[in-house]
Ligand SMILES: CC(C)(COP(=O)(O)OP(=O)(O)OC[C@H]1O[C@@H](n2cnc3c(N)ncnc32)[C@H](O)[C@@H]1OP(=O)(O)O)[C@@H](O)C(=O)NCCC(=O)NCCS
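Presented as structure tokens, the chain that follows is alone, the form predicted on its own.
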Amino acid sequence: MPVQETPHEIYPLDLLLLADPEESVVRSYLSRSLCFTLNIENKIVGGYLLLPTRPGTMELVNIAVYEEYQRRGYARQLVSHSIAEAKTRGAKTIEVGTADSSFGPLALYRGAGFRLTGVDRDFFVRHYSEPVLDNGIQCRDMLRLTLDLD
């Protein structure tokens, strides 16, 4: 399935909000990000953002697949694409963050070779106006993972 770079103006906000429910937070980094979508039969079914953070480093943010297309390997395809795209753009490292209660995404990133490198304690408590739940558990800490691209 083709993954393609997509202009910010046509990237579906509802898809971004599946991965990050606070619209103001999403809008704060959207304009600085590269947007990519996975398209099937001219329909966007998933996507991600790639955010340059420091020289040689990019962050994979807001990876999401619409619910009706989940459990088909598309998220794995998007993660693989993000790694290849970061390498193509000269990054030496790609990072990702996920909630401490997001067991599926954590397994996805670990399976792609990312390693746990840090914990941002109370990230979701500090940055979100409402409690964020995943798997019925309140998200508190952000787990930070890194993959060296050398």
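This one's a predicted model, so the numbers in the text were calculated from it and none came from an experiment. Residue positions are given as counts along the sequence shown, with the first one as 1.
Keep in mind that the form predicted in complex with the ligand is missing from the display, and what follows is about it.
Engineer: Can you pick out, from 83, 50, 30, 108, the residue that has a heavy atom within 4.5 Å of the ligand in the model of the complex?
Structural biologist: Contact residue from the list: 108.
Engineer: Report whether all of 58, 113 and 147 sit within 4.5 Å of the ligand in the model of the complex, measuring from non-hydrogen atoms.
Structural biologist: Checked in the model of the complex: no contact with the ligand for any of the three.
Engineer: Is there any non-hydrogen atom of residue 70 lying within 4.5 Å of the ligand in the model of the complex?
Structural biologist: Yes, contact at 4.5 Å.
Engineer: Taking 4.5 angstroms as the cut-off for heavy atoms, does residue 98 touch the ligand in the model of the complex?
Structural biologist: Looking in the model of the complex, residue contacts with the ligand include residue 98, since a heavy atom lies within 4.5 Å.
Engineer: Counting only non-hydrogen atoms and a 4.5 angstroms cut-off, does residue 25 reach the ligand in the model of the complex?
Structural biologist: Contact with the ligand, no.
Engineer: Taking the shortest heavy atom distance, is residue 63 within 4.5 Å of the ligand in the model of the complex?
Structural biologist: So residue 63 counts as contacting the ligand.
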